[in-house]
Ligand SMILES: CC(=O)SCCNC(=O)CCNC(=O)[C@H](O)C(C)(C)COP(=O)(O)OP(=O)(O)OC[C@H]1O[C@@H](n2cnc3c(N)ncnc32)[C@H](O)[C@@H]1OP(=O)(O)O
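In the form predicted on its own, a lone chain appears below as structure tokens.
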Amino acid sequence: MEAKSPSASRTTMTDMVLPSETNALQNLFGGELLARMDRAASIAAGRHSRRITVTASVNHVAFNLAIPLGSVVTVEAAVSRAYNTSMEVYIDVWIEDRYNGKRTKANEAIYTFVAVDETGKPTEVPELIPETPLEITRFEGALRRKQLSLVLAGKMKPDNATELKALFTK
């Protein structure tokens, strides 16, 4: 299986916020944004693995800015790290000013997907080789995030979380 770069999985989805997608404050429902991010991340994971992919977890979501009615919203997703059968997908959400084109980062998220075969059994995915400084930063951080998640879930002993321990023993 040939290794791939994050750019091979990059997925960009742009859409407008419509009235039926907003709350009482005329801002995009958080759940609507989660669904948009899930779709973009699923496509990115599928591009990397060339398999059916299923959402395993939503590891992090930051709703930093409200997204008002009528906004042009762009969701960008790319695989940030690949493990045996799972992939971490990092998602950036941007709002675009319709009058001057200026883009502002509104939100971000990290999802985990698992590649499966036609019977739903997890299947191997290609290695990921980051290329840009941002891709390298996200790649390196992914292992720490995974170890933290495993420790908190009781699936890894803290002493075995070597990447996390390294943060505190420098």
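Since the structure is predicted, the reported quantities are computational estimates derived from the model, not experimental observations. In case it trips you up, residue 1 is the first one in the sequence shown, and so on. Note that the rigid core is defined as the largest set of C-alphas that superpose within 1.5 Å between two forms.
This next part talks about the form predicted together with the ligand, which is not shown.
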Open item on the list: Looking at 97-105, 34-42, 61-69, 129-137, which stretch has residues with any non-hydrogen atom within 4.5 Å of the ligand in the model of the complex?
Closed with: 34-42
Open item on the list: Is G30 near the ligand? Define near as a heavy atom within 4.5 Å, in the model of the complex.
Closed with: no
TODO: Using the partner position in the model of the complex, report whether T74 sits within 4.5 Å of the ligand, counting heavy atoms only.
DONE: no
Open item on the list: I'd like to know whether K155 contacts the ligand in the model of the complex, with contact meaning heavy atoms within 4.5 angstroms.
Closed with: yes
Task: Close approach of S57 to the ligand in the model of the complex, 4.5 Å, heavy atom - done: yes
Task: Residues within stretch 87-105 having a non-hydrogen atom within 4.5 Å of the ligand in the model of the complex - done: none
- [ ] Inspect the rigid-core superposition and answer whether the C-alpha of V17 shifts by 2 angstroms or more between the shown form and the other one.
- [x] no
